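Take a look at this single chain, the form predicted alone, given in structure tokens.
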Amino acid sequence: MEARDFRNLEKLTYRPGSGLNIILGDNAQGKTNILESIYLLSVGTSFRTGSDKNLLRYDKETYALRGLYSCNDRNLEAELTYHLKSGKMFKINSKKTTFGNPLRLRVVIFSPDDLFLIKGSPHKRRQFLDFILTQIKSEYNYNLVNYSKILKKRNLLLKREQYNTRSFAIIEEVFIENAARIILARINLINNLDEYAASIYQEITNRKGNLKIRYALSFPLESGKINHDALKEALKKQIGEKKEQEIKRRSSLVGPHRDDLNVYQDGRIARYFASQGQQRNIVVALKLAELHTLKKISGFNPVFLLDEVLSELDREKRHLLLDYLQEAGFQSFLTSVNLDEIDHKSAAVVTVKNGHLQ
């Protein structure tokens, strides 16, 4: 891959190995910038900032990223350029395209913030599901954006006390339709995640405990069947029952924006009963399950990016994770300040200093 004038990477050329790649360096030398550039080539946005201006090298007006990768036995080249005046342009094999292109690079990012996935807010767990689904299905992102817009309009009408108008009735119908689509997609995803996370958790904990993942609806589903029509019917009924509360609170109280992801360890909800160490093992299993789910659905392995997570894990967990990565059939990039207690027998190791590889 190549990066030019991206953060502190003035002109970087990096040829990683096909397995585990370890990027060493002191703080503020450019380790995370390399991961960020790979992430950007896949998603089109940064996991650290919402502004492309912040990604520019000091006093520069443009940055450029380029990466070579393979997808279903095809060799591909992704290019992303940004200019202060003209904005971003994304290309695959020299042809202008969008980040909805099915041939784009796929990534899974694991950062210290993810270690709060279990004990953090429901919003963080919903974001976890939504990010995976937007990588898998372009229509999910379309439905999610639409739902957010409709939710804002519905809440606005509730605040204005216009809940008995024809406009509100029309918006509510569209609201329920989009909500059901989003929920059904999330439930189907969780079925895949649950299958992988359970076996991975056993492997990285030496068979210490069982893991289950379930979707937590913000409303009861009386039907034994989970399908689009059943979800719409249950949503409509619950909204009717919550009408007085919604009018009083001037806010939508039912829908995917109120749902959650429940993770159970040995039959108990992990965010309440699992220790901090157990919760971190669960997050590792969830991130690896995300990777395998993307592989199952897209047909090829994503790139796994791990940003400074080893220092957050105890010695046993570090070794188990590193063993897993070095034996895996996918490419991964891991940043670290040093190699202390890191068994890197089959990893490709580079050092970055002041934005340059040593």
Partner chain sequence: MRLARPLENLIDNLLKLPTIGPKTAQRLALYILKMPAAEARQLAQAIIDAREKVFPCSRCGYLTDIDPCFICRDETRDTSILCVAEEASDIIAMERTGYRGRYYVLNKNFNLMDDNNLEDLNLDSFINQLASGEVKEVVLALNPDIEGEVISRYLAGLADGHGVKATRLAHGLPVGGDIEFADEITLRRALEGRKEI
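Nothing here was measured: the structure is a model prediction, and the numbers come from that model. Positions refer to the first chain, counted from 1.
What comes next is about the form predicted in complex with its partner chain, which does not appear here.
Student: Any idea which of 262-270, 115-123, 94-102, 201-209 reaches within 4.5 Å of its partner chain in the predicted complex, heavy atoms considered?
Tutor: Every other range fails; the passing one is 94-102.
Student: Name the single residue among N227, T165, N75, Q276 that comes within 4.5 Å of its partner chain in the predicted complex, judging by heavy atoms.
Tutor: Here the answer is residue option T165.
Student: Under a 4.5 angstroms heavy atom criterion, identify the one residue in D130, D194, E177, E246 near its partner chain in the predicted complex.
Tutor: Exactly one residue meets the criterion: E177.
Student: Do E139 and its partner chain share at least one heavy atom pair within 4.5 Å in the predicted complex?
Tutor: Contact with its partner chain, yes.
Student: Is there a heavy atom of K149 no more than 4.5 Å from a heavy atom of its partner chain in the predicted complex?
Tutor: So K149 counts as contacting its partner chain.
Student: How about A216 - does it come within 4.5 Å of its partner chain in the predicted complex, if we only consider non-hydrogen atoms?
Tutor: Looking in the predicted complex, residue contacts with its partner chain do not include A216, since no heavy atom lies within 4.5 Å.
Student: Please check if L156 has a heavy atom lying within 4.5 Å of any heavy atom of its partner chain in the predicted complex.
Tutor: Looking in the predicted complex, residue contacts with its partner chain include L156, since a heavy atom lies within 4.5 Å.
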